[in-house]
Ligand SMILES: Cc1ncc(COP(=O)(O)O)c(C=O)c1O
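Heads up, the chain below is alone and in the form predicted on its own; it's given as structure tokens.
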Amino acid sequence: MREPSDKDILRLARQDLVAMPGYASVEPPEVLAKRLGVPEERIVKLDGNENPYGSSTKVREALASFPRYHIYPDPEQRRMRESIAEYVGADPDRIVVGNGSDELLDLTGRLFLSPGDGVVNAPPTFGIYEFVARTYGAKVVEVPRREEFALDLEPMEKALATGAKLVFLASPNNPTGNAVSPEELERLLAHDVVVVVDEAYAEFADGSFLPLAAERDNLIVTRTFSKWAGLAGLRAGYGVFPRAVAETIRKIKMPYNMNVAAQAAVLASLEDRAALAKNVKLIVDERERMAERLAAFPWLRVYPSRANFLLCQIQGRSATEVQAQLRERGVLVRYFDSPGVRGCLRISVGRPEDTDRLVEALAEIGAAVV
């Protein structure tokens, strides 16, 4: 008689989920430092688009002095929504907060997607969009981007006109760094579909579609505190939704979906916007310096970016080999093995000393190949 396997129970599960590949996440620096055999402080982590300056000092003070960790958080997140509403100029009733903006994307899928529904995706882009769609059994209609990563609007509109009900867009786009234009968004909003614009990197770019969210009943804009406010580890995001959608999503979300520590950190961050804005400017300035330094390598093509990272195409050599050699030197960058960005590395903007370490390592790699 065959011994039972712990996988046997999966016969009762949704088979599309069992077969679905997982989202490729980055590993924490302590794990990689141990694997590489180097001190953690020697790791230059440029693979996760985190804020190298960390959170506001007010966040650390707020977390150290918070007195009610033993009490459940407000399930309606009233103070959070009011503070965010003041920050973005929106009605608190239109705001939903989440355990990172990823949860808001997931909740949107939960509300709108049934098995077989069409979701338009524009790769190369953030992998969570396809992940969310497939989690709810939706059919993903992929419309690859054109040269320089612009949206290919005609096939996107055709898909929307023939039954797809939702489209995910990132602006600026991850991993390419370019933004959606107002004209592109207006064309998509003209269809009877839900358009989700993920503005995770908006604070590093000029312009936002948040003002338009108040005017259009089929536009959702999601944001995060992970990047500009340095709260990636606490998972804090929010979205501005049509009023009826916001009310429904607050009803179907888990009641205590954002913990009290994350809420305290968000409130403290919003009280310290001036200091955080200075860090954002440091990152934007360093982005331009880093782009200039990297463009000096003849085998690197650096794409323009409005986010806190640069996409670089490796020319005349293997991108995976360059990534591996950087890794050996303690410099971590992201490689995407997918159409449109194959042969490219995405490099987060760090501190000036991080850029210098990166450039030094690339110079060593380049010299070894010549």
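Don't overthink the numbering: it's just position in the shown sequence, from 1. Since the structure is predicted, the reported quantities are computational estimates derived from the model, not experimental observations.
If you look for the form predicted together with the named molecule, you will not find it shown, but the lines that follow are about it.
task = Would you check whether the named molecule, in the predicted bound form, lies within 4.5 angstroms of a non-hydrogen atom from each of D106, F112 and V196?
result = No residue of the spot touches the named molecule in the predicted bound form.
### Query
Can you say which of 225 to 233, 70 to 78, 270 to 278, 255 to 263 gets within 4.5 Å of the named molecule in the predicted bound form, counting heavy atoms only?
Answer to the contact question: 225 to 233.
Any non-hydrogen atom of N121 within 4.5 angstroms of the named molecule in the predicted bound form
Looking in the predicted bound form, residue contacts with the named molecule do not include N121, since no heavy atom lies within 4.5 Å.
Q: Evaluate S101 for contact with the named molecule in the predicted bound form, applying a 4.5 angstroms cut-off between non-hydrogen atoms, and reply yes or no.
A: Residue-level check for S101: yes, a contact with the named molecule.
Although the partner isn't part of this model, could you tell me whether F209 comes within 4.5 Å of the named molecule in the predicted bound form, counting any heavy atom of the residue? Flag for F209 set to no.
Can you check whether T135 is within 4.5 Å of the named molecule in the predicted bound form, heavy atom basis? Looking in the predicted bound form, residue contacts with the named molecule do not include T135, since no heavy atom lies within 4.5 Å.
Exercise. Here the chain is shown alone; which of F126, F149, F204, F131 has a heavy atom within 4.5 Å of the named molecule in the predicted bound form?
Worked result: Contact check passes for F126.
Could you work out which of V221, I84, A200, A179 is the residue within 4.5 angstroms of the named molecule in the predicted bound form, going by heavy atoms?
-> Only one option qualifies, and that one is A200.
- Going by the named molecule in the predicted bound form, which residues of 159 to 187 come within 4.5 Å of it through any heavy atom? If the 4.5 Å heavy-atom criterion is applied to the named molecule in the predicted bound form, 159 to 187 yields A170, N174.
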